Structures are given as structure tokens and as C-alpha cells.
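As C-alpha cells, one chain now follows by itself in the form predicted alone.
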Amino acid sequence: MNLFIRDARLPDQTDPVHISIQDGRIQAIGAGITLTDPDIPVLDAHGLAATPPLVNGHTHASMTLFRGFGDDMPLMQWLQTRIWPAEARLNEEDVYWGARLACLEMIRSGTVAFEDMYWHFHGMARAVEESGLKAGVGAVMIDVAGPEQGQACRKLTEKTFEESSRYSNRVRFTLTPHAIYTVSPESLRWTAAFSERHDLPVHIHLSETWHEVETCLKNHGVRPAVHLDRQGLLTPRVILAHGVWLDDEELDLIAARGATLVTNPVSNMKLAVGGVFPFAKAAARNIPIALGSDGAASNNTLDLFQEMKFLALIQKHAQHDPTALPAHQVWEVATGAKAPQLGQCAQLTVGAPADLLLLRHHEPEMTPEHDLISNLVYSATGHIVDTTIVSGRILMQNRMVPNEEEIRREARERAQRVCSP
């Protein structure tokens, strides 16, 4: 896609610049560049700030259908009486429309790429394709029912991997074993071998609750990260979601293996997991770190602007230090700059993919502007996003997204059906 953006303001500059996009990449940035082809669309960005987009490192997109369904309940009661029965009624079209709603929400709040874990791969992949976003999408593996279920999951993964070639490169096939307590060691080892053979990323929950740690110690004699490493799954290709209860030895191991951690502060607080992600310790070890929302059923939003503020505040609170995790570092985490393994890191530099946001930085909550990045982290919500662009394609402008009402209507109807007793 080709596009010429006129008079945008960059975060570290006061004078406006133009941005020339050709074939989905940034060709030039500066005040002096000119439009040479009259057929290229021009976008007037006067009064808007151009920034890199946000990257959601861990979510379950289609769980938008369960937003507000069973809030303020104990975790296991919530899962057993609300979420699991509703998920048993999901079909591919339900997942598709739930994902379309999630993609709509992410477009409107500045996220252009995400790592997903859920059922019905093709429903999810179709939603990503049609929305224009980028995502890591997989076929969830859970084999607690025994060897036959494990064999079925492995066959489904192989089949889905072969079928994933029908989608564009915006859909990145990802292996998604759910967790060490829902996937057998045999299936974890199979996943490690399949990942290595095909050079595929792996996305898995790890150390979200203390109960998970206790169970792993009881069943395997080691803590979760060590158990995962013994199955061959702790590699630079793996994305570890949550990581709340990792100890120093596990962090050393994760650093040595080059794995990526994704922190999900709002979901962890809402579900009362009882701990705080050890950000300072992970950062001191140069572990790649990303920010995630988790699913809308346990958040209840996919707005990473809100997530950034919670990330900063919970770290300051836990460390008893107001200087901990400053705004500019939070911004780097949220834009994927600290987690290149996610494959979705976009920066506003010549030659980079033309993924960017145009933000309404003069809104009341953004005024005065002593420091734009501080305002983005501590003051903003996704409502300041005016325009969302992926590979030079405008997905939203003036906060208008095509087919928005159809998506909302269909998602409401699907949610009512699957959540009805």
C-alpha cells in the first residue's frame, strides 16, 4: 500500500514532518520530502502525533464474547460455572465474530499485532485477515483427558499447520500448548520437536498462580520453568505468558535460553493471583518482555493504554519505589521494542513496516504536554487514537472503522447464545 502522511508530529520533535509510504513500508520521513506521484492518497495529520503501534503479547481474542460474564467470582467457580460451559458451546463462527469484535477493539485502541491462544484456528485466522491486523494464531493443545486426547491434539496441530499456508503472512502460525498443568510431558516434548523442525514460535501460560508452582513441585519435583526446560521447550522461540511466580533460578534459566516473558497486570490483579510479575529482576537479566491484556473475560478490556498505566503503577507499588519502571520504558515494552521475538516490533524508521498510529495528543486528558510519552502512559486511553495504519493500509481514520455496527451486532447475538444456560 502507498500513502503520503502530511504534517504529523513525532514524539521527540515539535515541528511537523511528512511520512512517505510505498509498498507497505516507510520510504521517507522529514519536513522536506514531497509527494511525487499525484495518484498516491494523501492523509492530513495536522494536529496529530505519529507513533509506533502497540503489540499485545498475550490474549484470547474471542473471549470478548464473555466480557462481564461472571465478574467478581472466585477463579475456579468462575471457570467451572461460567467460562467452561460457555466455551463448550462455541463453534467456529462464534470464534470468528468474537475475534472480529476483539480486532475492532484493538484497532480502535492502537494495537496492530497480537499473540492469541484459543480454539478454532480458522475462525481466528479469518478474523485477522479481514480486519487487517497481524497475529500469532494457533490450535490450542490440552490433553488432560489422557493419551488419546494428546494424540488427537497433535494430529490437529499438524493438520492446521498445513492449512495455515492459505493465509497471508499477517497470520503467523504459532504452537499453543495451554500450560504445563494441562499438557502432558509427552505432548510438550512433541511440541518442542515440532517447533524446532519447522522454526515455529510457541505460546504457553507459565507460573500464573502459586497453585501451579506447588502442583509442579509435587508432580515433577521442580518448578515450572525448569520442568518446561526439561521438555526442551525453553528456547528463543517460546513466549511465556504471566510469569508471576518465577524465582531467581528460573529467571536465570529463562535468560540463558532466550525466551520471552509477557506480563498481564490487569488480569493478574483482577483474578487475584497473589503476586506481582518480577519486572525489575527480568529486565536486569535482559529477558525480552512484552505487555499483554489476557482475555476480555478477565480484564475486561483489550486497551493497552490502560494496561500500560497499571503496569507502571503495580511495579512502583511492589518495589516501594516511585522511580521504578518509568514511562518511557513502559512505552518501549508496550510497542514490542523489548520483545523482538514476537516478530511484530514496528518503529518509525525508513525501511520499517508502515505500521503506525496517529494520536489526538491535544485532548483534555493529554493537556498540558510536558512529556508526550508520560501522558500516553499515565493519562491516555485508547480513545486518543484517531488513525490506525498497518502496512500502509488505513484500518481506522477519524475513529471510524468499516462494518463496525455489523461486528457489534453479530457479536452481541453470538454472546447471548453461548452464554445462555
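Start at 1 and count along the sequence shown; that's the residue number. As the structure is a prediction and not an experimental result, all values here were calculated from the model.
Below, we refer to the form predicted together with a further copy of the same chain, which is not included among the displayed structures.
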- Which pick from N169, T323, N286, T349 sits with a heavy atom within 4.5 Å of a further copy of the same chain in the model of the complex? T323
- Query: Just one of L217, A280, A256, M269 has a heavy atom within 4.5 angstroms of a further copy of the same chain in the model of the complex, so which one?
  - Reply: M269
- Query: Should D248 be classed as touching a further copy of the same chain in the model of the complex when contacts are defined as heavy atoms within 4.5 Å?
  - Reply: no
- Query: Is V95 close enough to a further copy of the same chain in the model of the complex to count, meaning some heavy atom within 4.5 Å?
  - Reply: no
- Using heavy atoms and a 4.5 Å limit, would one call C419 a contact residue for a further copy of the same chain in the model of the complex? yes
- Query: Looking at the partner-bound form in the model of the complex, is T34 within 4.5 Å of a further copy of the same chain by any heavy atom?
  - Reply: no
- Is a further copy of the same chain in the model of the complex near all of P147, R154 and R237, within 4.5 Å of a heavy atom of each? no
- Note on the structure: Of the candidate stretches 182-190, 309-317, 228-236, 110-118, the one with residues having heavy atoms within 4.5 Å of a further copy of the same chain in the model of the complex is 309-317
- So which bits of 369-383 sit within 4.5 Å of a further copy of the same chain in the model of the complex, heavy atoms only? H370, D371, S374, N375, Y378, S379, A380, T381, H383
